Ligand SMILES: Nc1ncnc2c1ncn2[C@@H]1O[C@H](COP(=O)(O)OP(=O)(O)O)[C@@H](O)[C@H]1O
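Just one chain is shown here, as structure tokens, and it is the form predicted on its own.
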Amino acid sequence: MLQIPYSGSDPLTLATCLDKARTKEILSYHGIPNAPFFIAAHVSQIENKNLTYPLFVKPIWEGSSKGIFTSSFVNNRKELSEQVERINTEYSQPALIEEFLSGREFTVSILGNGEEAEVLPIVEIDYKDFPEGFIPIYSYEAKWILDTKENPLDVFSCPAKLNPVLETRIRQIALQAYNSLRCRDWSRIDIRLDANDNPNIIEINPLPGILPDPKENSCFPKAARTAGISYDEMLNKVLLAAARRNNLL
């Protein structure tokens, strides 16, 4: 509004990506794969739904895994009702219900705009060393309780070990999502495989976390370091992309 050039996506993209259902609707319009879903602003809205369990339930308007717990993974109607009621009540918002994607999970960092957009090395989230009883999801418990600066979880692998065909497909889908939501300068795209190893978008993060300490789990800087890009160089690349987009160079 003040006509001051800035880096990153505009308010419309930021707001849209925070609304998980609107994001999925746009992805679906563009033919970009994501898990089948519906929303429930009240527990009564799950009635008469043709559901395939397991399902995954989360708040529609939150980030940083807020509201996502081990209990968000549901196997029957009773568990689904409980989780929809929890989100409606505790977060005062609708619940997003998705078919659970059972395959491997990745996060893809992107720098730049248009044809110059660069996909950094892909990070895989490997849940095999999670404590017993934890569902293989990067939940609130995992992100903010189990994973600490003093004792970080060893669950991130970069570059991910992928066959060339799957790696190319993941990169393509990430870029398609980046462009369809009109992300600018940088973003991080979360992707999970279904039971047939098909990549699906699970979330778009136009404001990715960028903790500077290599000892802390922060995927965008991790991908940059794997590409040989230092933390300062990474930030300068974002600024350079924004400057070029604003015709300042």
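Numbering starts at 1 and follows the sequence shown. Bear in mind the structure is a predicted one, so any value in this text is a computation, not a measurement.
Only in words, not in the display: the form predicted in complex with this ligand, which the text now covers.
Only one listed stretch (59 to 67, 176 to 184, 211 to 219, 43 to 51) carries heavy atoms within 4.5 Å of this ligand in the predicted complex, and that stretch is 59 to 67.
Between this ligand and the residues L101, I87, I170, L80, the one pair within 4.5 Å by heavy atoms in the predicted complex involves L101. Residue contact with this ligand in the predicted complex: E105 places a heavy atom within 4.5 Å of it. Among heavy atoms of I202, some come within 4.5 Å of this ligand in the predicted complex. At least one heavy atom of A35 is located within 4.5 Å of this ligand in the predicted complex. Among residues of the shown chain, I137 is one whose heavy atoms approach this ligand to within 4.5 Å in the predicted complex.
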